[in-house]
Every structure is written in structure tokens, then in C-alpha cells.
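The chain below stands alone and is given as C-alpha cells, in the form predicted alone.
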């Protein structure tokens, strides 16, 4: 064991590892990248995190750089939880510390998963209504700020977090809160590093007020950079809260250790509805008519996905073989049973003559499960390579979607493969999974060329490749080129305020290079299921 790992182990309850087999496990996530860290730290509590960060900060002041990458469940699709230095995993910070069912509040460690949390809350008739992978950690949901399919109705994770605790680069813990100007003054007067952060962010907002207002007024949704600086000061009461800065920060400002969330009442049931359309225009028109019914989720799928799945034995059952082209609309309703029945009847009544639809019943629930199973099959059945998430979670405004899909057909011809789109119409957040041969030089060259071409196409239609999730490492090479010099200076200043020694993931979000990204592209396939 190397000296640094041994020294840290002597001062924490958790463990630091540097054995090759463990490093290999933490060298990949869900992205197209592979980066082997120097060591992996698995702290057992907040004190461990503070000691690790403080020690790494001390090393950096002696010109010994050991950058920290924060990892939750390892499901990141941009490579933000990978690094060449120390990967700090929150997997053991997985305790639900307190549930106040009367106030509908819950306090958790950042490594608690969404599934674990909602299972515990269900005992109290509560839930955090985020339709993300249940394996995602709460800290990861904040750091990656991916727009989930239920955000159209429930506003996403941003709406449910009250405050958090984070360990910043000095090893100090800060707790976010919403302060009025009188209480903010007390924070500004602190002589600690926390006070310094508050003073500098407050001054930055004042100095860059015009730029921040311009960022906040943009129509295009974009999670790149630190654009949540626009939400730190909230009108009309002019409250001040550092919490928004940690959304989409991807571990670059500190390590989130604890979170307090408020919850919603758990709905008694969820039923689904699927309709098939021969064209995107008819699907869009129908979606606009049923959106006022407030579905829990409202998704759009290119039917070609299911044709591919059927070729591999995963027939979606609900419509095949009649519809092997066109689009499927999937809606879920989570109201009281009587209200769900009314909404499903309304969906059928609004259906045009040239479409077909099925509503979920006790008798066909298995068919609806097979529908989702067919999606997983498509994502993991390849023609010659791997459907890697290099262009997941992009944003296209609904008024541009039809033209975007038309122009996407030209890109399909360019690359010689089908590129069916799937995602949430209610949030305008979609994904495309090209088939990539990562085990060849040509396949790895394909990745960055495709990302650049796809990004250009999105921009032509007022979209953003980072509209539904931040850039991390993989998308950073195209995201940063759209920043103005003023924006780069603003985001760099935010990073320096929180992390002057650049110990937290210094090579993601800002300063990404094509050469570095290419160097870290995987040359082999993941062994587990990609979803």
C-alpha cells in the first residue's frame, strides 16, 4: 500500500484502497470513459470525509496533487465520478437519520439511494416523487441534476431539497439555508472559511449582476457550467441561499454529506396508458391535448426501438407487429383510482382515428412490463458494438421537436445507422443511443465526432446537449465552446471561491480538452446492463 493511503487509513474509521482489483471496479461508470484512480476512499461518516479532504488540501499546498472525484452509485453517464487521483465513494454514507412524518421532512446521508429512501418513506405514506433510477443516491441526484421523467408534474429533485451539508476544500462543513438580508449579514461577518465563501459569492453576484440576469433570462435550458448561480438570490424577498450552486456541480465545489428533504403524500396507485401513432405530428397533437390531465410522466418513443427489440425476442406485445414505425406515447397517472379512471377515459376519447391505444388493467399489467423490458433490451442489444449513453438527456423545445426529428434523419444517413429518439415530452428531455464499437480506433473517433455533429444539430433547433443533465467530462468538450468569455470567467471564479486549490475534480466542467477525453475513452465494453 502506498504511503498516502496508509496515512489516511490511520486517521479514519473507513478505508482507503489501492489494490488493482478495487481500482478497476471504480474505473468505469455508465459513460464511454475509463479512468483508473490512484486510490479509492470509502468513508464511514462525515468526520472521515473532513479528514480526507483536509489532508488532500494540505498535500496540494505542498504541490502534491491528488484530485478528489466524488462517486455515488457509479451511474454517471458523463464520467464526472471518475478520476486519476482519489475517488471518494459515499456508498457507506447511506443512513436515513431522521423522518418527521408530521412535518413531512427527512434527513439523510448523501449516499442513501432514492429507492432506499422511498421504501422507508412509504411506511409513513410519504414519498419523494422523483422518477429516476432507484439506485441513484440523493447526493448524486443533486450533483448531476438530471431532469427526471416526473419533473413535468413534480418539478424534480430541486423542489424537494430544503438544505444540505457539504465539506468544502478546507475540510470545513457548511450548511446551506435560505437567509434574508438580516441573517445573511451574520454569515458575512463570520471569520471562518464559510464566511469567506458567503462574502465572495455575495460580492460576485453584485459585480456580475447584469450577466447573471442575462443567464437567468435565457429560453434555452442548459445545465452546463454553474448556471444555478442565477438562483442563489431569489426575488421578491431577496433571500440568499448557496444550495442552488451544488445542483449540477458534479462534485466540483465540495462533498455533499447530508441532505434534508421535504416529502409528498404517497399516491395509492399508478396506471399507464400507451398510444401508437404513425407520425410525429399526430403524436405531438395528441400529447398537447392530454397534457392538461397532468400525467405523472408523459414519454415519447420512436417505434423503431421496439422493432429492434422484437428482432431479439423482446416483442413489446401491446401493438406489434402492426406498428413498427411511427411513435409511441406513454403516460402514467398516479391520482386517486376514481380520478385515474376518468383521465384514462378522457385519453381514449381524445384519441384520433388513425391511432391505437391500450390502457393498463389487472389483466394486461404484464404486457406493460414487457413494454419497458423491450426498452432495456434495445439499449443493450447491439448491432456491432454498444449503445453507450454519449447523447443522453438533451433538451429540445417542443415547438422545435418535429423539425429536429426530420433533420435527425439526415444525420442517420451520414452515420449509416438508425437513431431513434426516446424521452420525456413533458420535460423536453430526450436521449439518443448510437451503436458504437469502442474496441476499435474508428469507434472511439466516432464518439467525439458524433457528439460535435449532434450538438450542432441541437443548436440549430434551439436545443442543448446539456439541457437535461450537466456536461461532466464527456460533453464538456462541446459545452464549453458555447460559453462567452464572461461566462467562463464567472464560472471559474465560482470554482475558485469554493476550491482555490482545485482539489475537487479540476478537469471536468471547465478546461476539458479533446485530447484528454479521447485518451480516457474505453477500449472495451461494460460487463453489466446499461440503462
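Computed from a predicted model, the values in this text were never measured in an experiment. Residue numbers count along the first chain shown, from 1.
One more form of this protein, predicted in complex with a small molecule, exists but is not displayed; see below.
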item	value
Segment assignment from 187-195, 221-229, 137-145, 443-451: heavy atom within 4.5 Å of the small molecule in the model of the complex	137-145
Heavy atom within 4.5 Å of the small molecule in the model of the complex - the one residue of 110, 86, 275, 106 that qualifies	110
is_contact(residue 133, the small molecule) in the model of the complex, heavy atom dist at most 4.5 Å	yes
Exercise: residue 90 in contact with the small molecule in the model of the complex, heavy atom 4.5 Å	yes
Distance check, residue 388 to the small molecule in the model of the complex, heavy atom within 4.5 Å	no
Residue contact check: residue 77 to the small molecule in the model of the complex, 4.5 Å heavy atom	yes
